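As structure tokens, one chain now follows by itself in the form predicted on its own.
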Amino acid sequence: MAAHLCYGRVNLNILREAARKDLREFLDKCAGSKAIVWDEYLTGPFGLIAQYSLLKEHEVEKMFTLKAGRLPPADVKNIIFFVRPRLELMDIIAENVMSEDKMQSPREFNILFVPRRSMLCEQRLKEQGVLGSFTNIDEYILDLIPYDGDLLSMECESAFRECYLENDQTSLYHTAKGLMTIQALYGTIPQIFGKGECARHVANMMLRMKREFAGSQTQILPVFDTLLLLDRNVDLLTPLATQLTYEGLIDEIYGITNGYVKLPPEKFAQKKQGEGGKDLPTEPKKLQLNSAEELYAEIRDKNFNAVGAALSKKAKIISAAFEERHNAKTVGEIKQFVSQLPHMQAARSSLANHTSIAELIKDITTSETFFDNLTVEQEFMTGVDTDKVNTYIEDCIAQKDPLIKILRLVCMQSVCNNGLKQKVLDYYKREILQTYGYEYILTLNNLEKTGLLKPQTTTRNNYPTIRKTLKLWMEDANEQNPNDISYVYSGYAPLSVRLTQVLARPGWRSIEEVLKMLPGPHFEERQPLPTGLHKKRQQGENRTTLVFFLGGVTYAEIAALRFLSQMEEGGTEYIIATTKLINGTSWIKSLMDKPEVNI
């Protein structure tokens, strides 16, 4: 089922299996038939751990979404609430429990907090008078969820906001706990590097937990050589830029949630001859996206401009494979062809899907709007006219373009200019508030607090030095056959990934000055390994580094890290972990104080 999690250098299926085991144990605590009432946000992450078949094996007969009012009828012995520890959800649960018909056969209520139990929530249930109704109150520690063979996410949607806006370090504690789970399953990570305040906190918590558990750790030969902890605010620029890889653009345009994307259905309709276009489907086409699908694994990290050629090459291969049937003469040859048929048909269906997706994306990337937006982004990245009001942004505001598009561009200009001159900043703020409404003053405040949009406090702009030293802009980025990570943004090399690349070779000491210009401390820690657990490296064997992005990572950064893993002379393979998979839109939305408005 999760074979794609085992193929990589590190078998992430071990982590998934550990999570499934804990879930089975909890379900078995609640003897008899069960109905699960889901906090809707959790259904996606849980889907990556356990399918319905596993729940069914443990007597789960019904599943409902957590809603106010009465629970739907279910003839079961146990009702289990799967919820995040949020006070507003406790009020809904209390209402559900109180509206139960006491005359019916008595049911047992159970609650499972994900990822941690909360005393505040239990207190709220007590105030509502329902705490005594629960037979089991437990926690299900779902910290890091395996998304793919080299990708883990905590799916903590508000981690960046909590850390940089609300000064709440809960997600950092969960990160440290998640890293302890990783070390329990894959061995102690001998070297820890980090950059940023949050990275320092996580490292300190990990080291403290390690001391507390001293002696009780399992003796496992380390799988990882290095852990790199990176704060998102060390590189605020990358998520603001439009991603130009195939997977990145799918996420920018349609949004990928828990490994699934919903697409407009009309491109996927199977037209039968003579029917014309009647009865087109109205439901969005839902597709799962991961490396279990051969073609997707091949094209997802390519720059979009290289996808067309890859699809057409694949089409020729599939077409030639089907033509082979004419050459099958003997029974043995025919039998062999028939045995390959399911695989070939799956490949053909996969090709049809990705050709349709590529057409949908191409309609957008060839538009004038997309091109103009990209031109302005690239001008900012290369330092062109970043210190004055941008006429394109002015025009977009005048045309009332989506607010998030405006905010992404204004923040990008601010980041590339180390803040905006006060009069430029005031002008943008005034225009935005007059056009979109004064309720967005809170959002602008939030962007300032997180450093995305700020007044220039010094005349010195460090960004050109950082860009030059780290080679963040490559004029001649090769999109078809890349030789550098800058292909993922058609010229811009993500700062976060460049830092990762330099750490591997020649090391951070070579960029000491630049590191000082970036926010937060940089550090190195070593964790002693028990005797006999030192890894003996074979000649030519790659090192394995776990890169953890605190505050979110984009698909384009993931593609750049995969590119580094595949470089022959790189010598390092990367596993990527994050608090959340983000893009510029979802990131800015998480900082807005009016998310219910359709922006």
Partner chain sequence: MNKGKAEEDDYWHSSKYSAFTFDDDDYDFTKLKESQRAVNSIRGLVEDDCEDDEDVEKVSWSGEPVGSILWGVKETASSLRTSGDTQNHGFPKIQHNPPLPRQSSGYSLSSLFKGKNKTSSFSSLLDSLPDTSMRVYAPELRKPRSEYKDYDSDWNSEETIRRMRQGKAYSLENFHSLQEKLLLLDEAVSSHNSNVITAVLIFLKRTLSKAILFRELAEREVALRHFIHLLKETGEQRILVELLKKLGRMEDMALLQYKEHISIKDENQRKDFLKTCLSLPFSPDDSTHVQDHYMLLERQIIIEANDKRTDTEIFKKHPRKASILNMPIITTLYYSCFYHYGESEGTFSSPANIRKTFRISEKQYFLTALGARAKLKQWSDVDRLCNTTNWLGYTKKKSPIGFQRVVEILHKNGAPLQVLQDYMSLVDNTEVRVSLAQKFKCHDIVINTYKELKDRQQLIVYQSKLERGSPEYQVIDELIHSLNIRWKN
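Note that the structure is a prediction, hence the values are computed from the model and not measured. Positions refer to the first chain, counted from 1.
Not on display, but discussed next: the form predicted together with the partner chain.
Just one of 508-516, 411-419, 205-213, 148-156 has residues with a heavy atom within 4.5 Å of the partner chain in the predicted bound form, so point it out. Only one stretch passes the 4.5 Å heavy-atom test: 205-213.
* To do: Counting non-hydrogen atoms within 4.5 angstroms of the partner chain in the predicted bound form, say which of Thr375, Asn258, Gln527, Asn461 makes the cut.
  => It is Thr375.
Next on the checklist: Counting any non-hydrogen atom inside 4.5 Å, which residue from Asn167, Asn327, Thr330, Asn481 sits next to the partner chain in the predicted bound form?
Outcome noted: By the 4.5 Å heavy-atom cutoff, the listed residue in contact is Asn167.
Query raised in the report: in the predicted bound form, do Glu197, Leu453 and Glu568 all reach within 4.5 Å of the partner chain through at least one heavy atom apiece?
Result: Not a single listed residue reaches the partner chain in the predicted bound form, so no.
(message) Residue-level question: is Ala50 within 4.5 Å of the partner chain in the predicted bound form, judged on heavy atoms?
(response) Yes, Ala50 sits close enough to the partner chain in the predicted bound form that at least one of its heavy atoms falls within 4.5 Å.
4.5 Å heavy atom contact, Asp28 to the partner chain in the predicted bound form | Because a heavy atom of Asp28 falls inside 4.5 Å of the partner chain in the predicted bound form, the answer is yes.
| message | If we define contact as a non-hydrogen atom of the residue within 4.5 angstroms of the partner, is Phe322 a contact of the partner chain in the predicted bound form? | response | Although the partner chain is absent here, Phe322 would touch it in the predicted bound form, with heavy atoms inside 4.5 Å.
Self-check item: 4.5 Å heavy atom contact, Leu564 and the partner chain in the predicted bound form
Solution: Answer no; every heavy atom of Leu564 is more than 4.5 Å from the partner chain in the predicted bound form.
Task: Members of 425-456 lying within 4.5 angstroms of the partner chain, judged by heavy atom, in the predicted bound form - done: Going through 425-456 in order - heavy atoms within 4.5 Å of the partner chain in the predicted bound form - the hits are Asp426, Arg430, Glu431, Leu433, Gln434, Thr435, Tyr436, Gly437, Tyr438, Glu439, Ile441, Leu442, Asn445, Lys449.
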